[in-house]
Structures are given as C-alpha cells and as structure tokens.
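Coming up is one lone chain in structure tokens, specifically the form predicted on its own.
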Amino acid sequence: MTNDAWGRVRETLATRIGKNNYTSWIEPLRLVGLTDGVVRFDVPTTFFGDWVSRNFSDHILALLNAEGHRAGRVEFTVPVRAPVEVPKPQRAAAKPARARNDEELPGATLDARFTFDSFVVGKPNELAHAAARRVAEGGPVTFNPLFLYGGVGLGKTHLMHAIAHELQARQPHLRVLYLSAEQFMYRFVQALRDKQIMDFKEIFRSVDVLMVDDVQFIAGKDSTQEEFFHTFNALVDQNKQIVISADRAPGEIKDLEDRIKSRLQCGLVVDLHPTDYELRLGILQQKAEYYRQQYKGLEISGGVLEFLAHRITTNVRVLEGALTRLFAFASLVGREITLELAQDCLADILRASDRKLTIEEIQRKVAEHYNIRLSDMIGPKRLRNIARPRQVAMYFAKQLTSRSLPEIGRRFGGRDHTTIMHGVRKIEELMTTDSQLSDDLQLLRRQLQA
C-alpha cells in the first residue's frame, strides 16, 4: 500500500470523524505497511494505539478495503528508539511539563451533533445552558466546578460535549479532556497495573479543562475516589476549570466520600429539570426540520408534533427516537406522516408512555426516601417526622395522578378530603421557603416520573 492511498484514507477520515479527532488520533499515525491483510502503524504510546484500535480501526479498515486493499486487521507498534544522551547543561531547556504527553491525552470521542446550536433551550434547562455557555467562553468564571445533574435524557451530556466543542473552537491551544467517570477509573486501574501512576497523575493534572461525565459511577470505589479527589484539588489550585455531571446532586450520591461531596458543592450546582411541553415541542420541531432535509419531499401533517410532545414525556432520547422511527417508517412505506400513521408506528412507545403512576407507588417511594415505614405513612401517627412525608405523598398524589381528593383520602387511611387539601397546600407553601424540602421534591419527582 502506498502513502498516497493512506493519504486518501486520511482525508476521508478527517471529514467523517471531525477535525479534533483527526488531529488527535489519526495525524500522529505513521504507516509502516500492509502485509498479509494486516496494516501496521507506528504510534507514540501503547495507550494511544489501544485507543485508536478501539475507536477508529473499523473506519480505517473499511476505507482501505474501499480503496481496493485487502485489510482485515490493524496493528500498532511503539517504535524502539535509541536512548539519547542529554548533556547536563541542556536538561533545564527540556520541554516543560505542560508540553509533555500531548499525544497521551485521550478522552471520549466528542459527538459532532452535540453543540450549543443544536441544544434547544427552555425553562427547565435555561440556567444549565447559561452556565455551560459561560464556561465555554474560556474566560475566568466565578464558579468551579460546574456541576450539572438531572435524569436520563435531559441534556447533561449534550451540554458537556457542547462546552468541549466550543472551547476547542475558540481556544485550540487549550488542553480540554472530556471522559466518563468509568473511563477515568479504567485509566487509573490500568496505570496501577502497569506501574505508571506518575504518568497518570502528570497527564490528568496538566490539563486546562477537565470534564467528567456520570461521576456517580466512582461512588464506592475507594482508590479511584482518592485519586479523583487529589486530581480535583490539584486542578482547582491551578485555577483550571472542572465540569462534572451526574444523575443526582452531590449530596444525594450514595457512597461518595463526604470530602468529594463538599468539594463538588463548592462550585455551581445546576439541576436540569424534566422537560415541559413547550421544550419537548421545540425539540421535535428542530429535529423534524432536520429530517425534512434528509428525507426530501416527505411531509408531516399538522398536529403530529404537538401530539407527540403531549404523549411522550419520559425523556428527550425517547422523544427523538420516536420521531426518528416515524420518519424512517414513512419513508420506507412512501406515506405522508399523519396522526394515524404516528399512532400505528409508535404504538409500543405510546403505550409505555401511558403507564399510570399509582398512589401506592408514590407512598412507597416517599416512605423509602424519608426512611419511614409504609404503615406509618397511612397510619394515624402525627409525629412531625411522619406527618411531613405523608403530606409530601399527598402533594404528589394530587399533582401526578388523576385521582380525586376523596379517593386520595381513602388511600391515606380513610382521611377526609379536607385533610388532603391542607397537606397539599402546606407543601406548596413550604417549598418556596424550605430549600431542603424543595430539593427533596425535585429528586422525588424525577424518580416518580422516571
């Protein structure tokens, strides 16, 4: 295989995987040759080769075969270099720590779709979006870390990717590292196993921006938490920006060390709330416009998007997946997207979205949250540590079910409907002044609507 052929493959890869991925992972590859179906490359480090193998080897093989080369496997080798004797007077002029290991700074691959332009802003996520924008500007911010939390499909990962894209576009010299908590743990364990822990520390503590997604996954992993804590401190001490995401607030992550919780709470903690109707409709409108361009001539009748925004309330991923299926199905059968077609094509998703939340489920979840017995929830006891959770359960029974007040009262030990009204009003009053209660309500609502 010639270097010209590899050059054509590289050009195609650059358009497929994006400029940043190409510069970080493909450009450093040095073609050795293609023999017996094995294409060989020299790479800077073993880890670099492992990363390219996992993430890009399939792309490389497909494009090589499209060029007419029979390639079935990719191998990566770190060339053995003869040691270079550095005269002592010149040692001080060696590269500073910041410039070392640039090629050893791998993170998760960024999704080109997840930019600020494609993020639909509404009331449930406007604070998170504004905070992410501020960090992405790259200037000094008054909060570090930025901690984003919320349920599945509410936009945490989208905002993380958008920040990384924007930073790399505005300030390409910055060392921005985005990865999941599981990848952080994997790399730490690998460094321990390979006795390269000092290299690990140097790499992670020399970045300008560290972004860790789904940090709840390090909870209970003592050694990983220890290293994460020291990495966090080292970067904050250098005024380097940290962005973290999780599925719940720092204080609610079970088995996360208290000192890490405290550190995470020192910055700006922002909750991405469940989507409302207006936000869901905006997301569908943006997605539908994209599909209209992809599926030329395919029309969607009025009212379909409004119907989906009303019926599918679980999370954005389910919502977008439903629209993707709908456009694909309509294209295959050659039909216009009507309300009837949507109901037929998405019957299973619509049925799942119609699952009715019961009062018993609410009572059980609230009792678990406040660590009281379910029998006390519906019993006669009036102790404050029981009465308040009972009122919270009454509030959610009124908010999240279609049951009447008398029926709710019967499910709470035969209480009168006026007792239910009093309990609901009490919670509505307290939630505006009691921050702890407000946090409890947000967490419970996410769990009940999950």
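Residue numbers run from 1 along the displayed sequence. Nothing here was measured: the structure is a model prediction, and the numbers come from that model.
What comes next is about the form predicted in complex with a small molecule, which does not appear here.
At the 4.5 Å threshold, heavy atoms of Arg335 stay clear of the small molecule in the predicted complex, well away from it. Contact check for Gly151: a heavy atom falls within 4.5 Å of the small molecule in the predicted complex.
Using a 4.5 angstroms threshold between heavy atoms, Ile283 counts as touching the small molecule in the predicted complex. Within this chain, Thr157 lines the site of the small molecule in the predicted complex, having a heavy atom no more than 4.5 Å away.
Checking 233-241, 255-263, 195-203, 110-118 against the small molecule in the predicted complex, the stretch whose residues place heavy atoms within 4.5 Å of it is 110-118.
With the partner removed from view, the residue among Arg133, Lys123, Arg317, Lys365 that has a non-hydrogen atom within 4.5 Å of the small molecule in the predicted complex turns out to be Arg317. Among the residues Ala128, Leu279, Leu167, Leu210, the one placing a heavy atom within 4.5 Å of the small molecule in the predicted complex is Leu279.
In summary, the C-alpha positions of Arg54 and Ser118 converge in the predicted complex, ending up at least 3 angstroms nearer each other than in this conformation. Pairwise change in the predicted complex: Leu210 and Asn55 C-alpha atoms lie farther apart than in the shown form, at least 3 Å.
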